[in-house]
Ligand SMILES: NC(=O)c1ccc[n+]([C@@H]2O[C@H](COP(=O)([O-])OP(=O)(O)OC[C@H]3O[C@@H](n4cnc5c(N)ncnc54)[C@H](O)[C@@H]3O)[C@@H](O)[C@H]2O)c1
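Take a look at this single chain in structure tokens; it is the form predicted alone.
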Amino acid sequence: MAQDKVRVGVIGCGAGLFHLEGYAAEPRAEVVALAGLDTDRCEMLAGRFSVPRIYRDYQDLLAQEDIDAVSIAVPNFLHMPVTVAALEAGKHVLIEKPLARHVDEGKLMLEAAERTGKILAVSFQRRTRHDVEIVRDQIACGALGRVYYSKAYWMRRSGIPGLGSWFTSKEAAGGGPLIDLGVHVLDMALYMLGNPVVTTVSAATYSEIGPRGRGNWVGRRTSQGSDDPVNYEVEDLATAFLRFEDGGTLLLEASWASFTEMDDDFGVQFYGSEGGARIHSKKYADVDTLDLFSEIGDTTTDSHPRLVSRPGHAQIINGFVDGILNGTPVSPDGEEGLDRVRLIDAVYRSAALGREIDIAEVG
């Protein structure tokens, strides 16, 4: 590898777009190859980002000796095999969230990273937001006091990514909105709280709308009638209550389709002994989203900090490249990714059993 340049391959030409945009903003990286089954889309992206080589089979990309690192943006069921193959081919890896469909796959990925001595990073890009940074700093410095209760949510009125696609297959995706959207806000909340230890989870999942062929993205046509059954094997709403070792608690909600006032909104709210904070993002907004709650003398006061928009994948990629070139610790890394997968596993297990479970039951 050249001392000042990381040569990158991107595997997956769907969500891979966001990685290509991130690398375009990183002068220390150069994307030299793409791989994907959608040849037309790959060719379009190659032209747009001046990528010289395209491969249909990701193994052909991994065989190229001039590639130092790869970004992997493929369906969830491919995360483990593609990541392990990339690590064993001597490439550093940045994987799209979630790390894996379940804990066992995640462990195999971490073992491969340790065995090969390569970096395994996870693209939880929403933790790089300006509002998240401010709240994390406020909590760390004690401005909110003891944060004893938190809420994290990502709720859609009608936004199933693809009825009958791999997204709605339990085997292919590992789950529904919880593993797709909920994992983002779960990571945001735990990151801002300083990664508290979760001890127990009590959860429920529901599948009331998707199985009837309803709840797709508004305006997106489907081949089914309004109440015709479809291949829908996952939840369309998940809710969970997590207890922390320090006595704090977190309520988590994630939905692709539900009758709610929220269109496509996500956020996190913290209740502390000395203050509070609320991040609420409508349709992916990253400015004008933060409120801080405190008091002055004998009255209450709210503040609404001015925020700067930040390209999330570019921030993650900057840290990934730093790790490769300078040995800087990467965050979020594979261990954090595995922790989030373990919690998602615990939510699904609790919902299936209909009772609260101890995290130790997940493994």
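Please read all numbers here as calculations on a predicted model, not as lab measurements. So that there is no doubt, residue numbering starts at 1 and follows the sequence shown.
Heads up, the form predicted in complex with the named molecule isn't pictured, but that's what we're talking about next.
When the named molecule is considered in the model of the complex, only one residue from G215, P98, G182, G106 comes within 4.5 Å through any heavy atom, namely P98. Screening Y191, F244, Y153, F167 for any heavy atom within 4.5 Å of the named molecule in the model of the complex leaves a single hit, F167. In the model of the complex, T128 stays away from the named molecule, with no heavy atom inside 4.5 Å. The named molecule in the model of the complex is approached by H79, whose closest heavy atom lies within 4.5 angstroms of it. The closest non-hydrogen atom of S123 lies within 4.5 Å of the named molecule in the model of the complex.
The closest heavy atom approach of M44 to the named molecule in the model of the complex falls outside 4.5 Å. For the candidate spot formed by L37, R56 and H313, every residue has a non-hydrogen atom within 4.5 angstroms of the named molecule in the model of the complex. The stretch that touches the named molecule in the model of the complex, counting heavy atoms within 4.5 Å, is 7-15, out of 351-359, 21-29, 7-15, 338-346.
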